[in-house]
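Starting off, we have a lone chain in the form predicted on its own, written out as structure tokens.
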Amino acid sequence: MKTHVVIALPDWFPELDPTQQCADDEAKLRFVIGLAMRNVEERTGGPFGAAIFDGDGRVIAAGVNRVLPETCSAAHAELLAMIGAQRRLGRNRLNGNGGRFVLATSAQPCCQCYGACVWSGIDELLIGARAEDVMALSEFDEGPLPADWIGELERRGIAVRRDILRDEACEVFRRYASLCGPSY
């Protein structure tokens, strides 16, 4: 049995500039939607991108969906961004030593990533496309969430803002469908 697991980001994935800042929520979403679209265009995974930003808008870590290339159902963009940020900062709860952390994601987290949001130590969640967009534009099943999922996160101190650049985020799913056809 192996003693470690490796999930690789695609070869094209950018080296993150530690001084790069995204000044506002739209810039953060533009960044992750760009990652998602590149993942589709390069055919290196699914149409999802995510990144963790610090309180100054600097990118701490980012990820794209790698489920099929890595043969791993847990290789979602949000999880890879969280793992990268936690490893970079050397702690399993991002805001455990202070600081404010934002997860920006091109689409609403599925049930798996929703659970990870609860425990990751993020303070804010920024969302592009809604789950209903994802399911209408693709064959992805986002899974069940609590009826008041936004309220549940907010009660845990995680602010939620959605529909940021929603149309642009949905375009990634349209492009994915045009390249991959109806059966992914």
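Note that residue numbering begins at 1 and tracks the sequence as displayed. The shown structure was predicted, so the numbers you read here are calculated from the model rather than taken from an experiment.
Below, we turn to the form predicted in complex with a further copy of the same chain, even though it does not appear here.
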Handout entry: Residues Q21, E26 and G99 all lining a further copy of the same chain in the model of the complex, heavy atom within 4.5 Å
Key = no
Practice task
Spell out, yes or no, whether the shortest heavy atom distance between C170 and a further copy of the same chain in the model of the complex is within 4.5 Å.
Solution key: no
Practice task
Using the partner position in the model of the complex, report whether G157 sits within 4.5 Å of a further copy of the same chain, counting heavy atoms only.
Solution key: no
Exercise for the section: Check whether E132 has any heavy atom within 4.5 Å of a heavy atom of a further copy of the same chain in the model of the complex, and answer yes or no. Expected result: no
Practice task
State yes or no: in the model of the complex, is some non-hydrogen atom of Q112 no more than 4.5 angstroms from a non-hydrogen atom of a further copy of the same chain?
Solution key: yes
Practice task
Identify which of E152, D54, E41, D123 has a heavy atom within 4.5 Å of a further copy of the same chain in the model of the complex; exactly one of them does.
Solution key: E152
Problem - Location of a further copy of the same chain contact in the model of the complex, chosen stretch of 44 to 52, 31 to 39, 139 to 147, 123 to 131 [non-hydrogen atom, 4.5 Å] - result: 139 to 147
Handout entry: Residues from 90 to 110 in contact with a further copy of the same chain (non-hydrogen atom within 4.5 Å) in the model of the complex
Key = G90, R91, N92, C110
